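Quick setup: one chain, the form predicted on its own, written in structure tokens, and binding and motion questions come after.
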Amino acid sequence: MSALRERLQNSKDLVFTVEFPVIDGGGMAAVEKNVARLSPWFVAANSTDNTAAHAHASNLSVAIAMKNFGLEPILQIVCRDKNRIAIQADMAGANLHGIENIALLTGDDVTAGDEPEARRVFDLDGPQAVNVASILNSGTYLSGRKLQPAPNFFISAVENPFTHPFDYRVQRAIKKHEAGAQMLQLQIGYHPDRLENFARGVHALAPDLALLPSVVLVKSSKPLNFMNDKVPGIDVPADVIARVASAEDQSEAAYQLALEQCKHALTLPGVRGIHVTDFRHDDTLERLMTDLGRTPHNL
């Protein structure tokens, strides 16, 4: 059983996951360096799948490397670039290497990336891909061919509580849960009221569905402006940007914003922990975890 699954199902302890940095160069040394930094604090890390429609080292190759260096991966599989055959191949490859945690998501459109002329696939969407993972867990491919030994995937998905239509976001989360998702990592967001409404709505209908809101560590208002202007599905209110931009120490103001987001999220029903994305790449990540009452392990 994966440590992520065991922690969520058999413990009341908080669970912290992290976005593993994309790998474009540096070889295995880059993976090893990032694992050494992240593994003392996080139960598992996302191996992303061409995040934001930019090509990087493949999701499965990075997940295998992470696992070999001792950090439990969450294999992301995005529907944008792959048809159902390729999606199942990723899953079968994960099973071959003993990777149990998978996260299925529809993915940003190609226009979000640096190769907007690329062809879209979208053979499946996120909820449909979750259902395919459940079928593989039963010991067959989607076609009915046997897959033995059957995988034991801990299936998760992604949802965005912060964009319209808000009521539909709760319904979509429940749809993914009914298809087999046991955990949702949530999109980055800066509207605490929307997160509250989403968490309450989901928890009322699916109290066993674990929610992990995402918090991003940045150094200034510049990344907040970038996310607001360029990243689909993220809306950063003007007063939030102004709070950081007008601060004498923007780095500290941005950190305090992230810490407040974490503390608020952890008070909400159904929230079992936090998913962290680190754009600072300094000692702030360790500071955040310490300020949240965490102690490093595996040291």
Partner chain sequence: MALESAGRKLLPLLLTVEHGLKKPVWGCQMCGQCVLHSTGMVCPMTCPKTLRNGPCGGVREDGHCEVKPEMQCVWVKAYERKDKLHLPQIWKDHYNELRPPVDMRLKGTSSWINLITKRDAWLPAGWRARKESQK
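Residue numbers count along the first chain shown, from 1. What you are looking at is a predicted structure, and each value in this text was computed from that prediction instead of being measured.
There is another form of the same protein, the form predicted together with its partner chain; it is not shown, and what comes next is about it.
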According to a 4.5 angstroms non-hydrogen atom cut-off, is Phe122 in contact with its partner chain in the predicted bound form?
yes
Tell me, yes or no, whether Ser143 is in contact with its partner chain in the predicted bound form, where a contact means a heavy atom of each within 4.5 Å.
yes
Indicate whether Lys82 is a 4.5 Å heavy atom neighbour of its partner chain in the predicted bound form.
no
How about Gln185: is it within 4.5 Å of its partner chain in the predicted bound form, going by heavy atoms?
no
Since exactly one of Thr163, Asn197, Asn225, Ser214 fits, which has a heavy atom within 4.5 Å of its partner chain in the predicted bound form?
Thr163
With its partner chain left out of view, choose which of Leu209, Val132, Ile99, Val218 has a non-hydrogen atom within 4.5 angstroms of it in the predicted bound form.
Val132
Which of 91-99, 146-154, 69-77, 176-184 has heavy atoms within 4.5 Å of its partner chain in the predicted bound form?
176-184
Where, within 17-52, is there a heavy atom within 4.5 Å of its partner chain in the predicted bound form? Residue list please.
none
